[in-house]
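First comes one chain, alone, set out as structure tokens in the form predicted on its own.
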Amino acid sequence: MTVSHARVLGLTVLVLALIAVPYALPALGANFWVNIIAEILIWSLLAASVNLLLGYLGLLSFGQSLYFGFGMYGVALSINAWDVGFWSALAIGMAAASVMALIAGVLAVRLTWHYFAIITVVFSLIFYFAAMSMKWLTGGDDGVSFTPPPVMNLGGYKLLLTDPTAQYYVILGIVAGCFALMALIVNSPLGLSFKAIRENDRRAALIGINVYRTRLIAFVLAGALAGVSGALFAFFGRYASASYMFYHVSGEAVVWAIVGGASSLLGPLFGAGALIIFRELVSNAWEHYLIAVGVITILVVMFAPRGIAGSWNDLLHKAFMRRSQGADPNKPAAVIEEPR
């Protein structure tokens, strides 16, 4: 077995486990955890939007909550105002987030380092306070509630989100599709351009890569991912609230991405899963559980800077390298490039 085979096996186990959740957990008397896993899937998509910028372009954004909020309100307002269907509302939410990301990105991607992080926070704060003050439209903290339309209506058969199992599989399918699309992007020539800019934007420009345009494309794609995440969360909670547009939501997504492993495709899923499950287990016993989350994050940054996914990849490479050396002691060790 090679490292690639081990990764495929691990991915297969993960997919099968996620598919089995709505049946396996209730059989164990843990119905509550089905909704928690669904929530993890949604939040992992927001963390993936952070990871697309941080892990693949080296740009740290604290403004992804803005596009998350636009995705939420795109769903809620379009359903209440126009009585659109599920897929139309989802598309409107993603489109609203993408347009907002395009507007913000035109200015933001001209900057790098802490300047980029600051301007993303500024955009998030501007629209957060605007949404809080426009209660006639957004509902402010109270938010806007709505009744989700059927996901599918064929021949009198309706697939409704009021069915927890159906809701879980709809969320799983959309999130899996987004991660699959992201995998295609990061492994495409466009994804190679992302990585080249991350390593050295000046050299990337010298070989003909349009740095500004490439960063803008990534920024809009990240905004679209955050918008889908917000739209799914709106369907999940049946409402949209301006409180989710505050930058602390982006901060949590950054933590999930870092703990899970920036520049790793599934790192955001592992990071969000680990910390949200930890939160649910500890919060009932200790009200200051966020202190423990902060300590865990610091320890990960200090001792496992490549996160959960990166550390797992390192262990796989070391294990297979020792195995190959043990099989033939006279064979020189293969030089394995550290994955990024």
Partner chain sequence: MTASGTALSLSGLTKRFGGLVAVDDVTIDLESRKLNAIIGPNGAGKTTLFNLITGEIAADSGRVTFQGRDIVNRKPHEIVRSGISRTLQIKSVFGGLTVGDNVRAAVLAHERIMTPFRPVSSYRAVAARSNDLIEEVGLSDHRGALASSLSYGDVALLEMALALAAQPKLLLLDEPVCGMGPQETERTVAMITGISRHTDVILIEHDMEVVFDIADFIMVMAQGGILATGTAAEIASDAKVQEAYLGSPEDD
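Since the model is a prediction, treat every value here as computed from it, not as a measurement. Numbering follows the first chain given and starts at 1.
Missing here is the form predicted together with the partner chain; even so, the following discussion is about that form.
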| property | result |
| --- | --- |
| Among 162-170, 266-274, 199-207, 69-77, the region lying within 4.5 Å of the partner chain in the model of the complex by heavy atom distance | 199-207 |
| Interface membership of A176, the partner chain in the model of the complex, 4.5 Å heavy atom rule | no |
| L137 within 4.5 Å of the partner chain in the model of the complex, heavy atoms | no |
| The partner chain contact at S241 in the model of the complex, heavy atom, 4.5 Å | no |
| Contact flag, L154 vs the partner chain in the model of the complex, heavy atom cut 4.5 Å | no |
| Residues L184, L190 and I217 all lining the partner chain in the model of the complex, heavy atom within 4.5 Å | yes |
